[in-house]
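In what follows, one protein chain appears twice in different forms, each by itself as structure tokens: structure 1 and structure 2.
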Structure 1
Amino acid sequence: MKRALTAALLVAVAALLLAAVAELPPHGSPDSPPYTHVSAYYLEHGPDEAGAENMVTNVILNYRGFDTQGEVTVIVTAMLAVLAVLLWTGQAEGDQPGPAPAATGSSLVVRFIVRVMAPFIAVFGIYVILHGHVTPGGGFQGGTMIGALVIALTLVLEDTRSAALLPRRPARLLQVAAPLTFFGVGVIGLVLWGEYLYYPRDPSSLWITELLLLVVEAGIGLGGAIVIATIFRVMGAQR
């Protein structure tokens, strides 16, 4: 009975949503509002005033940079939530030992492959972070790769060495690298040009904008990687 009711409710909601979506301006049509209004402005003016060749980067870091400052804060909030509830019993300050690699049961092959691949993954991650203003990618994507690399290494390295990958004291500051960089760049705009999160937009000084965007990307990448690695480490320490 309960199942039948749930199914009926789901069908009704789905029908309503489908009816609504069917009446939306056609997806992909050049006349639909999402293509003719704000985004049209971004595409037309972005290359000349926003500093990055990649229009997505222009929108998330420049035109709507304040949203992205909020988003990186959301990520840090999630990490703080995990830390607050589970607490960090990392080894760096000698609280209690984490799992030994043998206990995690990774085979010799896995351990060897991860070690061989590590430098290549790291280089690719850094490339994705720094090239994000030209090609698809950026701080979020590259940071995730580096974070995943730290997680993979944690799984195969001996405990003391994997703890050294994420020393606790500097990690406290590095975890918040992304919001901190945003605030720093925001204040630079405030001091030099009188607007929070301002980037110069005339062609002669567009290189300054490009440089600042790179700094922000690097901050997001570093902060993101540390956040992911921290969350994994804290959850991994839960027995």
Structure 2
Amino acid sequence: MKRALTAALLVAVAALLLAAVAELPPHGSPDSPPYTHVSAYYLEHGPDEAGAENMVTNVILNYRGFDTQGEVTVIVTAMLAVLAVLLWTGQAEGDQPGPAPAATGSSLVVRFIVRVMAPFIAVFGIYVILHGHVTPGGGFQGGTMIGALVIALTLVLEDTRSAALLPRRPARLLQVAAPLTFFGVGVIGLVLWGEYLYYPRDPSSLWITELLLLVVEAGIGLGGAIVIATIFRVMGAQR
């Protein structure tokens, strides 16, 4: 009975999706909305009503914010699945205390370069996150830089110092920073303007839109960095 209900539900969802796909314009059709009015509208009105000079940010965080929120939720869910698999197979950090790889495997030159470049990489990563609404970049890109930096420092620092870079208890909470930030901004829109994930378009309120976009970018960057570093730490704990 349970299998039959599951199969029926899957068939119903598949039918809905196929019906929706059937209504889409043919791929590459010059009559499709992106080629007729949508792209032109975004380019003409985006900077004035979406709160960012970077059109990519306007599209990702504002015009299609629901889709991006779903994406970051999927990323966090995938990370939790990876951690669950590692824990299940006995390869997680809890099996062997202490952070992952020791510094003994890296050369003096590598350790020196990483330590010298670390402050510059950190500043650039933060800059990319906070200026994603103006220049190319944003939370995804900046978060990846910060996460990679934490991994590099983990490889060259002593265990105690590398463990201090990413305390486990705060890290566990901050792993979900991206979807929580999206949800918080969405609730703010719902409470203040009556629509979930709404950004004010009044020219006098664009500073609020810009501020909310910055909050979302920061949440994505922080959560992304923690996710990348956590997966590396858990995978390295078995070494």
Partner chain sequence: MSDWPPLLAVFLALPLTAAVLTPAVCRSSSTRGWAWALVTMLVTSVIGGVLIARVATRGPFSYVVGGWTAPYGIELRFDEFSAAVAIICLLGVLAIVFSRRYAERALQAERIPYYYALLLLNLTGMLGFTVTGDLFNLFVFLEILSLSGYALVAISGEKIAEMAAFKYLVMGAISSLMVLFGTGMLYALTGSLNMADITSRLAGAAQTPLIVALGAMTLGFMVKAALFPLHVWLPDAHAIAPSPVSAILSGLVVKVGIIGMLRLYQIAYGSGAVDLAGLNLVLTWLGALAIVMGAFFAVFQDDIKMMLAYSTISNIGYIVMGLGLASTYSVIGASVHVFNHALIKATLFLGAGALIHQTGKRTLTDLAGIGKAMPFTVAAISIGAISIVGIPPTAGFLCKWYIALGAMQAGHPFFGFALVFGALLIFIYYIRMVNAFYFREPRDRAAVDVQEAPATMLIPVLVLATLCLVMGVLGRLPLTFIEPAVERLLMPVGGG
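Just so we're clear, the structure is a prediction, and the values are computed from it rather than from any experiment. C-alpha atoms forming the largest set that superposes within 1.5 Å between two forms make up the rigid core. Structure 1 provides the reference sequence; residues are numbered from 1 along it.
Taken from the form predicted in complex with the partner chain, structure 1 is distinct in origin from structure 2.
With the core held fixed, S205 shows a CA shift below 2 Å between structures 1 and 2. Positional change of Y35 between structures 1 and 2 reaches 2 Å or more at the C-alpha, relative to the superposed core. The rigid-core alignment places the CA of P26 2 Å or more apart between structures 1 and 2.
The rigid core superposition between structures 1 and 2 gives a CA shift for L17 of 22.3 Å.
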